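The chain below stands alone and is given as structure tokens, in the form predicted alone.
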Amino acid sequence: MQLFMKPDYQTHVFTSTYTADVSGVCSALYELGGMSVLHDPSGCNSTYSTHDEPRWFDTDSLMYVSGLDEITAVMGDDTVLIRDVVQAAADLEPRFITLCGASIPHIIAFDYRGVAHLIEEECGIPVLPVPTDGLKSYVSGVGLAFRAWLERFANPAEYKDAPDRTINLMGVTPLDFSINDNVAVLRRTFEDAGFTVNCCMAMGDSFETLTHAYRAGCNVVVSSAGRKAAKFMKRKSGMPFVEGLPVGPEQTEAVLQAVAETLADGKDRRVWGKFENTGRFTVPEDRILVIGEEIFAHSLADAINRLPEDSRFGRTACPFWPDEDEGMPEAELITAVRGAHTVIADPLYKIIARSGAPKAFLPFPHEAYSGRIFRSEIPVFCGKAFRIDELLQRS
């Protein structure tokens, strides 16, 4: 269950919650050679390592929990945390240190920036303060982590020398793309179209590569977790961005065309329709409802709507996505699910599909929602090879 802070967001009775912002921070920076310190009594670190991080057993990374106890929290004594982090850094020599935290540091008004400054003064290693609170989704955490990392390690001046037809892929973590071939296919999709992928932030690329993130003509934001970083880079250098995920042949062509146009004219673009007359929560009975991360949900819905008339089964799709701060309003979600003809969503959402509505439920697992439970069933949905019509035929 999750209690939201706004009056119109109440306890979730039927649905689960998305991965928290603290796990998003750890996931974003997992492969970059840093040390992530999660300031928390315990629990959030084990949730991250056992449910949210598929690389945990195959790839080394420095992830630590501070072990915040009651007396330390009540007295506001930060010296214990500083001492432990400095000692660990001396032993392990990470490239950088990330300091994030869950709800208790948030409640006691822990000073991330001040403590980060004190740690850096003592150990001489860059420290990134990322003020998470454990109450928001991974989208917020990934965005804050990427933005903090870019602010510290990347040089905006490099944008003026960016090579032609060079792009960055922004918002790439296993929480949205898992550890099957999605990321490799995503890169290959752009490379086969004649683009050079400067960096993939942040899977499969090194610390050194990402320090040159501004050596690209534009950012391609393939999940909403990359939006904060793309907007930050635009403010710092003027680098434009395209929001869209190449999923299926028609949507892939639309994304590739949008990227080419943005590289040519420098204008930001979103590659999906406006979904007129559907609204976010009202779904007509003949519609297909796509639930998931915002850019995925929009892109898959748009890909369905781009199908030829004879393949569309007489229905069009509209998206429904979680807010990065408040999550997903359960009451509106239930109304949308039970009003749709077909629902495409993580299998855990099936609990609210009952009494013959919707008429069809097409499971599409999402690592950030159901964790490792359905990981083996996550399809390779990036690129032209993914067949939208075959997905719909299962309904």
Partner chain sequence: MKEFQKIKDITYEYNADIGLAYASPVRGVWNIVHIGTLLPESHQIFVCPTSCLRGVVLTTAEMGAMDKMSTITVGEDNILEGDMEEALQIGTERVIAELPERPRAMLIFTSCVHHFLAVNYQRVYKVLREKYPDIDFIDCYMNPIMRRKTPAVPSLWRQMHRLLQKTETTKKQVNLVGNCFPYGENSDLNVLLERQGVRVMDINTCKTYDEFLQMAASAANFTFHVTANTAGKDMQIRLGQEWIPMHAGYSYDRIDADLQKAADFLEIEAPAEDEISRLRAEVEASVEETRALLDGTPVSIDYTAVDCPLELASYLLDHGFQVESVFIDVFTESRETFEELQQKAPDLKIYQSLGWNIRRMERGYDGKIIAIGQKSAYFKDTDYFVNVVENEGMYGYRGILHLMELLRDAAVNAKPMRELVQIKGWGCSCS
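Residue numbers count along the first chain shown, from 1. Everything quoted here is computed from the prediction, not taken from an experiment.
What follows is about the form predicted in complex with its partner chain, which we do not show.
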property	result
Contact residue in the predicted complex, chosen from 102, 148, 288, 199 - any heavy atom within 4.5 Å of its partner chain	102
22, 46 and 107 each touching its partner chain in the predicted complex (heavy atom, 4.5 Å)	yes
Proximity to its partner chain in the predicted complex (heavy atom, within 4.5 Å), stretch among 86-94, 203-211, 153-161, 298-306	86-94
Non-hydrogen atom contact residue 37 with its partner chain in the predicted complex at 4.5 angstroms	yes
Interface membership of residue 339, its partner chain in the predicted complex, 4.5 Å heavy atom rule	no
Any non-hydrogen atom of residue 134 within 4.5 angstroms of its partner chain in the predicted complex	yes
4.5 angstroms heavy atom contact with its partner chain in the predicted complex for residue 384	no
Residues of 38-60 having any heavy atom within 4.5 Å of its partner chain in the predicted complex, listed in sequence order	41, 42, 44, 45, 46, 47, 49, 50, 51, 52, 56, 57, 58, 59, 60
